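Coming up is one lone chain in structure tokens, specifically the form predicted alone.
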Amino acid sequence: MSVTMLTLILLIIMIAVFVVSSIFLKSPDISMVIAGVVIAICGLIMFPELGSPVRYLVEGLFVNMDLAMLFIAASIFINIYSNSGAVSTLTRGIVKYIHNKWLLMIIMGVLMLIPGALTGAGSVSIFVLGGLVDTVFSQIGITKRRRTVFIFFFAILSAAAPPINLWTMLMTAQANMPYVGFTWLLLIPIVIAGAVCIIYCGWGAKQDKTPEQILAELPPETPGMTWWRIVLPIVAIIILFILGLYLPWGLPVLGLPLMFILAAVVAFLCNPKKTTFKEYVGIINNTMEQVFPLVANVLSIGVLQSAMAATGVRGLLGSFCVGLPLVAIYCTILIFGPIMQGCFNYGVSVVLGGPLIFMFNTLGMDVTVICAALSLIFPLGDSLPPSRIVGRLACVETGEKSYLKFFAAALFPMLVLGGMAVFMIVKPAWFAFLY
């Protein structure tokens, strides 16, 4: 039997094991690890020269360790900053002084982009701001279903927004590309799709409560919370980003995790509340519980990625993608990209994104633009089973009972974002001026 046929058998085994594990365990993360271990063992049986699979399975755990550390550090910063009362005070100030529905929705959308953009996870945006957005929007006449669509859509936009886009990071790491030049390529489509979502969700809504009534239902103000206490932690992280970008030789290499820890220290110093050491320990414990699924996801991706690379499965997928007609890719990427995101979460960057980047690179196309476009398509799958992480969280936050009706309502803004991304893939040279 040929090597290609044996590798194809390994691919079928991997898919079958993943599907069965997902059905019984209800966890894509554990399922990816099990699939990686199974194909590693089967690969050793078919190709004894591979040697013990333990080595590359352990190596796989450390492939994305830097991303896991980034998740943890950024989430600690966000939660300490939120616990200080800065987020609720900022929201109350916006409601108090801004009475125009559209301007209020725009500001809420921008605020929702920030936590996910700083952590790479849209779920963090829902944890930090989902409840406040739901409360404010319910008072200005927006229906529960449209509120759910808004929270979900801006959560996935925040995950795709710069500076931290994990799909792009994983694809560039796999393709040995520098993670530079993506800011405007990601930001402009996000702004356009976000504007469409705001109009779609806010059209026809009538505000039937006064600002005073809305403020009465928001969390109370934090005594001593001033504007400089709100702004300083954000300014600190922005300054650290800029210094790292424009003075790379004048500063020691801090790294994003340490930058967020330093910003968390600033947020700690700006906290006007008398928070005890025990309470801060509780915040960190809650943060670890909050980000554990995300950390487990990126680590399990590394295990599966290492097993696929060692057994040749990744190479087989890459060869298959290279052999596909371009028209077939253009027509199906908006279907298979989100579906695989629903199955593998960030692992879609390895299973599908990496091979596509290699394929487009062999055709001489601008892979920076294509990489950005793919990372705009993949987040759409966070509304699809088996994981549907962000969609499920949005429904829980607003109390939306019918997931199918929510999904149908969210299709329009999702198709707008997906359509722009497909156009970027078809005509990447037209967007090269953005980086």
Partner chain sequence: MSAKKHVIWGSTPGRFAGKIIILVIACVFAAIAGYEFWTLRHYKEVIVVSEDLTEVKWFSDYVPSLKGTWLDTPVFIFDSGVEGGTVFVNGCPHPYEPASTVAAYLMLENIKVDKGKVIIVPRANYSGSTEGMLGDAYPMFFHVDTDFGPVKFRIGDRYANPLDQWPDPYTYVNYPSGQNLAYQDIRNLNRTYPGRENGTITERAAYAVMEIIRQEGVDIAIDMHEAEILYPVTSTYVAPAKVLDREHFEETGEMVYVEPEKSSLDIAMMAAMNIGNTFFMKSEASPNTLHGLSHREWADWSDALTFLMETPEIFIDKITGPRTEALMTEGKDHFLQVVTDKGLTYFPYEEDFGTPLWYRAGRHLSGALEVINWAGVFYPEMEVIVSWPTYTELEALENQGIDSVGAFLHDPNDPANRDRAYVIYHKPVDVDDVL
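Positions refer to the first chain, counted from 1. It should be emphasised that the depicted structure is a prediction, and the values quoted were computed from it without experimental measurement.
Not on display, but discussed next: the form predicted in complex with its partner chain.
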Q | One stretch from 374-382, 45-53, 404-412, 389-397 that, in the predicted complex, holds residues within 4.5 Å of its partner chain by heavy atom | A | 45-53
(Q) I'd like to know if T311 sits close to its partner chain in the predicted complex, meaning any non-hydrogen atom pair within 4.5 angstroms. (A) yes
(Q) Using a 4.5 angstroms cut-off on non-hydrogen atoms, would P162 count as touching its partner chain in the predicted complex? (A) no
Q) Is there a heavy atom of I192 no more than 4.5 Å from a heavy atom of its partner chain in the predicted complex? A) no
Q: Mark Q305 yes when one of its heavy atoms lies within 4.5 Å of a heavy atom of its partner chain in the predicted complex, and no otherwise.
A: yes
Q) Here the chain is shown alone; which of V327, L103, I242, V281 has a heavy atom within 4.5 Å of its partner chain in the predicted complex? A) I242
Q.
Can you work out which of V38, A68, V63, V367 has a heavy atom no more than 4.5 Å from its partner chain in the predicted complex?
A. V63
Q: Can you tell me which bits of 1-37 touch its partner chain in the predicted complex, meaning any heavy atom within 4.5 Å?
A: V3, T4, T7
